[in-house]
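One chain follows as structure tokens, the form predicted alone.
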Amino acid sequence: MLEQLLIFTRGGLILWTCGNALKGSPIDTLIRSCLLEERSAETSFSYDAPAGGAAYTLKWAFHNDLDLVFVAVYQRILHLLYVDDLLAAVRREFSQIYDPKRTAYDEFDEIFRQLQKEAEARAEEMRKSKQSNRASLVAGKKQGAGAGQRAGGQGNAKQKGGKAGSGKDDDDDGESGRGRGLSNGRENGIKEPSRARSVVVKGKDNGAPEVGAFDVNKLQRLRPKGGKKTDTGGWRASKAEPKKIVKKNRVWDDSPSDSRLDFTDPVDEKGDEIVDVGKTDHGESMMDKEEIVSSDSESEEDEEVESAKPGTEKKGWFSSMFQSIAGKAVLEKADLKPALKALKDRLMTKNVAEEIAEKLCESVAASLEGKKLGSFTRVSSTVQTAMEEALLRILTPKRSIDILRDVHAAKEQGKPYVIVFVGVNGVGKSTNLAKVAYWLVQHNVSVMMAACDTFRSGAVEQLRTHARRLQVPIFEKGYEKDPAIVAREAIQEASRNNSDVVLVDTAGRMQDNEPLMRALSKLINLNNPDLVLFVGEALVGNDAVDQLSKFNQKLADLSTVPNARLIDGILLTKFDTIDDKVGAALSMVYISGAPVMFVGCGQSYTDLKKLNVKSIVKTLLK
């Protein structure tokens, strides 16, 4: 039974609804998690109501020309076959009476009841026809098997009768008996055995060979010739030895380097520190600098994908001008396919994961299908504009990412603001943690570092060096300790010392390493941090989808609390090494729904900035 059917505009105005009250908010979740995230090309959406409520399945349809959305909701346990047919019928009938100036459509109640009855009747007829076809197919198989068994029994009885007759009369009856046996054998699918077979024994041919059979003697005659050629070729190859490449000595510049590279603690012969490096000013962080993006659109000619369509003739000047002025009636899938194919290839060259590019193109096609093409516009430019709007919606954060405001709010409550840095190996978690610490210190926020990477050798010393250079306290317990306990003690220490922020460094781990993922889940569940940052490289392509999806999945599966903590934000590192291959940012945001909060773009403490969404979109579509 259908729970609810809802019709509303893309602006959010509800025009008509019918059905029962729903538990939870499945419609709001659909809009927030699917339609606004450019996942509208999917066929259905599953919603689980909180506190053990009902489980719903939602299906939807669009009328892009009128900007209408039709949503049907039913319980997941029911497999309703007529929902898609009903949505198409409702879309067709409602579009005929729709008026943008009206907000109430009470007369549509009777029309909907009639449409629902017709859709249910068609689904019932389809189900009965499938059952009857299946029953007839099963009966046909049984009849065929029974007939085969009876025919086989009759053939065996006749063969036995023929053998008995051949014992009495060897000349006449024996031949006729064998003939009857062979004829029965052919009728029942038994092949006649060949009387003359060619058997090859030790390379000799016994009997007449069959027509088209393989000649073994010819193969044996050809084999030594091939062997000689192979041996000769191998001897020539071994004779010609490759030239040895001698490494040239590197000429070093005798002038000493002005920049200091070693920032470790200076020690004496006993291993005790003898010098304490004071705090140095590295300048203003790039987080506080506004990046200016040129608003002048680059006038690049789009690819003429329409001319590349097979089977289309080049139109004349007059017909092209007339079509541009009048506009096309509606956009169809065949019209959008070439432009979307070119757009998908362009996104993949920018390092966007193939799966993400495919879903984005499907979502854009679903939003444009059935829409009228305006005057003086081409299909390629229309698709480009729709994709640009979709990318802006995806990359724009859906919630506030103002960490400084959240830090002051936590300070008023008398507790430190805890940030946990997680990610795979070698992406730069410790380095970018120090960059975030430097940015916070510049805004007069007291910071404490927690060395919870108790697995990698040198991790504690690395963080200790950063803490000494930035003149911030560090909490450490050495190696081979439980990182969850170390983080809890660090938070307690920060509360006693009135520290505003605790930056927790964790060990790098692959997304498939379950023991380390279990330890990370324990750390997050035990300490309940305010922000979980996933540190990822901007160099990855398809692996970004695998990393983030599995990190979130493991954190959800291994959580011991009902509401599992997942990834809250993304810190994108090594952004200065990718040129225009900025697709990893799009892949990570699309798969996780978490915003990019920081971008690492260098090796110094100031090389940390915000993500410029307009610049990323411009680069992706360039």
Partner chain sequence: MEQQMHQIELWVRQLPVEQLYAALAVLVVTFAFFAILHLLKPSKSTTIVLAGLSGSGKTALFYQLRDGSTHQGTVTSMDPNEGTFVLHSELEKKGKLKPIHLVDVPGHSRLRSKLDEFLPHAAGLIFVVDALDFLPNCRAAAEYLYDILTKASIVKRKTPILILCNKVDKVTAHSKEFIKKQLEKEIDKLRTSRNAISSADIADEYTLGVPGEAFSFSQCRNKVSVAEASGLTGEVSQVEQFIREHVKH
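Remember, it's a predicted structure, so these values are computed and weren't measured experimentally. Positions refer to the first chain, counted from 1. For clarity, a rigid core is taken as the largest C-alpha set superposing within 1.5 Å between two forms.
The same protein has a further form, the form predicted together with the partner chain, not shown here; the description that follows concerns it.
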**Fill in**
Counting only non-hydrogen atoms, the one stretch of 338 to 346, 88 to 96, 516 to 524, 386 to 394 within 4.5 angstroms of the partner chain in the predicted bound form is 386 to 394
**Message:** 425, 456 and 467 - do all three of these have some heavy atom no more than 4.5 Å from the partner chain in the predicted bound form?
**Reply:** no
**in the predicted bound form, the one of 134, 405, 79, 117 near the partner chain [non-hydrogen atom within 4.5 angstroms]** = 405
**Complete:** Only hit among 591, 31, 58, 582 for heavy atom within 4.5 Å of the partner chain in the predicted bound form is 31
**Request:** May I ask you to check whether residue 13 falls inside a 4.5 Å heavy atom distance of the partner chain in the predicted bound form?
**Result:** yes
**Item:** residue 84: touches the partner chain in the predicted bound form, heavy atom cutoff 4.5 angstroms
**Value:** no
**Asked** Does residue 23 reach the partner chain in the predicted bound form if we count a contact as any heavy atom within 4.5 Å?
**Response** no
**Asked** Given that the partner is absent here, does residue 597 sit within 4.5 Å of the partner chain in the predicted bound form, heavy atoms only?
**Response** no
**Asked** For the stretch 16 to 47, which residues lie within 4.5 Å of the partner chain in the predicted bound form by non-hydrogen atom distance?
**Response** 16, 17, 27, 28, 31, 32, 35, 36, 37
**Asked** Does residue 602 move its CA by 2 angstroms or more between this form and the one not shown when the core is aligned?
**Response** no
**Item:** Did residue 612 shift 2 Å or more between this form and the one not shown, C-alpha, core superposed
**Value:** no
